[in-house]
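Only one chain is given next, in structure tokens, and it is the form predicted on its own.
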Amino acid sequence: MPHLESDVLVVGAGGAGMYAAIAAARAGASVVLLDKSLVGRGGATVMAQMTVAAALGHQEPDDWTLHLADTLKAGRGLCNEELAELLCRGGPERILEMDAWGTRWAREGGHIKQETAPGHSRKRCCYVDFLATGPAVAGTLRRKVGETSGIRRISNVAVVQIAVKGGRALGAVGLSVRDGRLATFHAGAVVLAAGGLTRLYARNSASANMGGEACALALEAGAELVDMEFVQFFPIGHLAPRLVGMDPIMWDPFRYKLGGRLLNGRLEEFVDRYGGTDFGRYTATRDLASYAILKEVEAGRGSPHGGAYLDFRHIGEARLREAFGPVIDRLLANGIDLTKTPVEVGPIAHYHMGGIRVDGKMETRIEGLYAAGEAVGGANGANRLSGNAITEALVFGERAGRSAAARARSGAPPWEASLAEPSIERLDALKKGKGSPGAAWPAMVQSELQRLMWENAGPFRTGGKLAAALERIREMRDELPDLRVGAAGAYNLDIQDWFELRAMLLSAECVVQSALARRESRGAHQREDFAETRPELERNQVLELRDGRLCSRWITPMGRVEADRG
């Protein structure tokens, strides 16, 4: 079995992972940077096309404390204030460092241009251009990783286990996507930067590697998760016609710059039926817009793909081109002419506010195990402020990498081959082909899980639906050993799918169990059977594994003076 040694192991090579690797290397650590796809081209950052929030004060006077106030307001009382402060205080330094590394932020009059986005009290959000902010950020980090000595990049390896002994992380076990073999990685510290979990849902804006693996790996290693019930659903994600090479959440700036009419399947405006006044403008909140669209679908008045129409036909081509010139051409290349045809939109899973519980150094309760980026829970509370996602990736990535390098300098206990035995036993069992000829393939069960999560744990939840989802998820976990896996060795995607599914089921169980326990509506968690926000539940929900069972407790949000409830 291949075995590699390094000071720091970074799992996941999106924005947070690459920044962590750079920070660890410039602190003097040797780094192995792993990704299950291609280093620098997976994860959420490269897919983002929107803006990045940081209180630079270039466009108008601003301060990180004002950014923090907006972040806490959006978080509905549940932000980990220590992490939220790190995010807002550290954002400007990271943006300027990226500028120095070559990110071509849009400029105006010699300064970085900043715009106002929903929820921000200042013009605070910078960007490269409408289509390329995420790819530009990822490209800059990819180049910087390549220029930085001490970073070994390895693609196509999916980490399936964090190796822990005596409460200390010692490395990981990875599965090679190419040849189906396991490999072990010994390190003085491990950074989990493998993203969020929105691929648990049938409708999502996620990349292929956002199935909750980071949360599952951390939980099984002995770390805690926090606020897993808070999944952010973007109300007007693109459903149809087919859109290639463009962000499915791209319609937000169209609406707040130009308006745009939301129409049901009968081409009627409908937001007013649900308490909104959105006609031709962008005034309905995201939760109200999501609710109105889904209720129209339930009533049989949805668009053909189960959403609503977003119509710009009342806006002339000249105005569309003035606001979004090159984007209009990209849409035309996709066969979408906004002057002639409305598009279909609907709520899609977009971001996860919950995740791995860490302290101010990004360290979990497992010594030497860190987290960064969307895998971290708590900074955004019950609802993320627009523009905070890439900022979080950069700030938390840098801090996690620097902290991990410091931890690694204290040395690590030696590697023991027995640490990899759980993964070896699982893989051996799979290769023996226990599944019966009629059993399902892992990819089929993944699809079933995505449908189940969308229908029962989506934007609007009830106790009955959540309980049914929890029961089926636990059945699926019991069925895992009997699934069919092909016998081929190289490029056997069944094996990768099986390990992915195993992690997806554990993360899904965490989301549903937490959602069932939170009997209120708050931020992105909306219960139709508990519509009110309850002051006594202004608490974070923490999950851990005890003897293989998920256990939860409620705590006071970090940064508050009250003690844990226990």
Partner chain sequence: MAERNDRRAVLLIRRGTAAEAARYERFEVPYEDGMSVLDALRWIRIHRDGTLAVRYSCINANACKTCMALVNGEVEYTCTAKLTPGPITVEPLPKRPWIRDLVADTVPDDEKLDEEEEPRKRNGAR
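Remember, it's a predicted structure, so these values are computed and weren't measured experimentally. Positions refer to the first chain, counted from 1.
Same protein, other form: the form predicted together with its partner chain, not shown, and the subject of what follows.
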{"property": "Listed residue that, although its partner chain is not shown, lies within 4.5 Å of it in the model of the complex (heavy atoms), from L96, A106, L288, M246", "result": "M246"}
{"property": "Residue (of G411, G360, G167, G464) lying close to its partner chain in the model of the complex, criterion heavy atoms within 4.5 Å", "result": "G411"}
{"property": "D497: touches its partner chain in the model of the complex, heavy atom cutoff 4.5 angstroms", "result": "yes"}
{"property": "Heavy atom of S418 within 4.5 Å of its partner chain in the model of the complex", "result": "no"}
{"property": "Residue contact check: G188 to its partner chain in the model of the complex, 4.5 Å heavy atom", "result": "yes"}
{"property": "4.5 angstroms heavy atom contact with its partner chain in the model of the complex for I293", "result": "no"}
{"property": "Segment assignment from 119-127, 96-104, 455-463, 146-154: heavy atom within 4.5 Å of its partner chain in the model of the complex", "result": "146-154"}
{"property": "Site test, M50, Y256 and N383 vs its partner chain in the model of the complex, non-hydrogen atom cutoff 4.5 Å", "result": "no"}
{"property": "Members of 1-28 lying within 4.5 angstroms of its partner chain, judged by heavy atom, in the model of the complex", "result": "P2, H3, L4, E5, S6, D7"}
